[in-house]
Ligand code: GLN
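As a starting point, one isolated chain is supplied in structure tokens, in the form predicted on its own.
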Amino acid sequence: MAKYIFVTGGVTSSLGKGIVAASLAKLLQSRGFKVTIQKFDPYINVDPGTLNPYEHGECYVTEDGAETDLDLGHYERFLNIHTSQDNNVTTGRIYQHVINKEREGAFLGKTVQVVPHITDEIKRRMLQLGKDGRFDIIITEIGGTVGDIESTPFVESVRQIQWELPDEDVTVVHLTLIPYLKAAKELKTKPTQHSVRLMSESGVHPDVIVCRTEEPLNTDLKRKIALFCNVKPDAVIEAMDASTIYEVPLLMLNEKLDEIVMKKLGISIYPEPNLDAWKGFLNKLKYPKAKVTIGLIGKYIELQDAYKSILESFIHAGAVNETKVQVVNVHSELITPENVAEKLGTLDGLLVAPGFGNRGIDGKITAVQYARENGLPFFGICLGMQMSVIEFARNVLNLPQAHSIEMDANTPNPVINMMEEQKKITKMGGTMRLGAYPCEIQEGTLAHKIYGTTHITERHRHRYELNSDYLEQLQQHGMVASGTNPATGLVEIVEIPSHPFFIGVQYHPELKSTVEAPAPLFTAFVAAAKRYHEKNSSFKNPLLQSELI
């Protein structure tokens, strides 16, 4: 039978429950256990697909097309496994399912209540991944903070599972904050005590307390927390701030978090963890041999989580190239033809990010033109790829009014059109082209060189596509469609062979990048930026130029 670990949070949000859960999962996986993680979010939205990125960060898309919380990206990046729609559940999905059953008469006329009907459905989904023998351990992250009204049914469900299953099959890890008061020069445990007491009043008692802290916890402080929170002193775990999230598994290993959890779960025989590949990645990440500056052109740059997977993909690709990637955020609304050279002139590469809507579009098109005309390595993702097509149509095909019908429904040259199957859709949630689709790549192209194969699958999230009516014109003038969907003919990849590195993709390669398997496009893009930087440095430095010659 599978064993279950629940990760809860207290005191404040954004403490890093997802990172702690993923780190614990990585440690258990490194010991040979089959592990997966799921996230239960307390908001009433059915999924984050319709949420503004400013509201909730990026929307992460799984292989099977589920629009999920960004924490699932952390799970996949740490564990190098695919998650699915079963790994992310919201209050909205729970209530939607229960109400649909009530409408069908499944409850035989009984009054439908939070307990037992809502909690029964929550429990069913919490235990579902452990039913078929695929996994030894299921880690469940409970979103929000203990004490939130929205989280109450989830905490109650954990209480019931603790009561129903054997003690050795369930453990609860509670992440909390130990604030440091600079004026008093003291770490304060009272918020943690209140958080644990609040959870205990709900009937859930934590077995392990992980303490986020800016200063080390001494033995006396750990004993104090253990005494007042009714756990063993060795079950109080220090979680110091780290320079990168990828250090956290090693920090948790030093604190023996995995050993404490395995002991609680009755696991007495286990191999030593094998983290050699992880340590090798960290070594390259910490000690790069070069540095490049990449401009990220977007319109949600005020919130880093809006482009979380892209930023993490640069970390993975940078380690492969032994290069530190400094990402410079450039707001697309602030780019104009008059200042584009000033804003982008010091970059070694340009990535135009995904997005929706008309805001900031002109700035993105101007940025693409600058990269194309100046030989700056360019990488466009989804909307970024579409902007590269629009720019090329306007300035090379001489179609000044070329546009996407998403932004201009009356454009005389709709080089980007709505996908045929999307035209009759009226409901926005969960109706885009979502999930993994195949792509056939032409031999001899840049894409073929990058992937090393003619067949790939990548994840999508879009409604619009390159209008095939303009494909012949684009190709005659030097923009090649190097990748297409074999079933529909949808153009997946465009590139300009005459450019040092210019590629745009309709899909989202960042969604499949992990520590162990970095996205090939990001790896190649960073390598191109590195070459561009070295070439420009040689021109600026006569001594270096002579060495290169």
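None of these values were measured; they are calculated from a predicted model. So that there is no doubt, residue numbering starts at 1 and follows the sequence shown.
Below, we refer to the form predicted in complex with the ligand, which is not included among the displayed structures.
Peer 1: Flag Y464 as yes or no: does it have a non-hydrogen atom within 4.5 angstroms of any non-hydrogen atom of the ligand in the predicted complex?
Peer 2: Yes, Y464 lies within 4.5 Å of the ligand in the predicted complex.
Peer 1: Against the ligand in the predicted complex, would L383 count as a contact residue? Criterion: heavy atoms within 4.5 Å.
Peer 2: It does: once the ligand is placed as it appears in the predicted complex, L383 has a heavy atom within 4.5 Å of it.
Peer 1: So, K512 and the ligand: in the predicted complex, are they within 4.5 Å at any heavy atom pair?
Peer 2: Contact with the ligand, no.
Peer 1: Using heavy atoms and a 4.5 Å limit, would one call G318 a contact residue for the ligand in the predicted complex?
Peer 2: No - in the predicted complex, heavy atoms of G318 and the ligand never come within 4.5 Å of each other.
Peer 1: Okay, which stretch from 170 to 178, 296 to 304, 258 to 266, 351 to 359 lines the ligand in the predicted complex, with non-hydrogen atoms inside 4.5 Å?
Peer 2: It is the stretch 351 to 359.
Peer 1: From the list D136, E247, E406, E121, which entry has a heavy atom within 4.5 Å of the ligand in the predicted complex?
Peer 2: Of the candidates D136, E247, E406, E121, E406 is the one lying within 4.5 Å of the ligand in the predicted complex.
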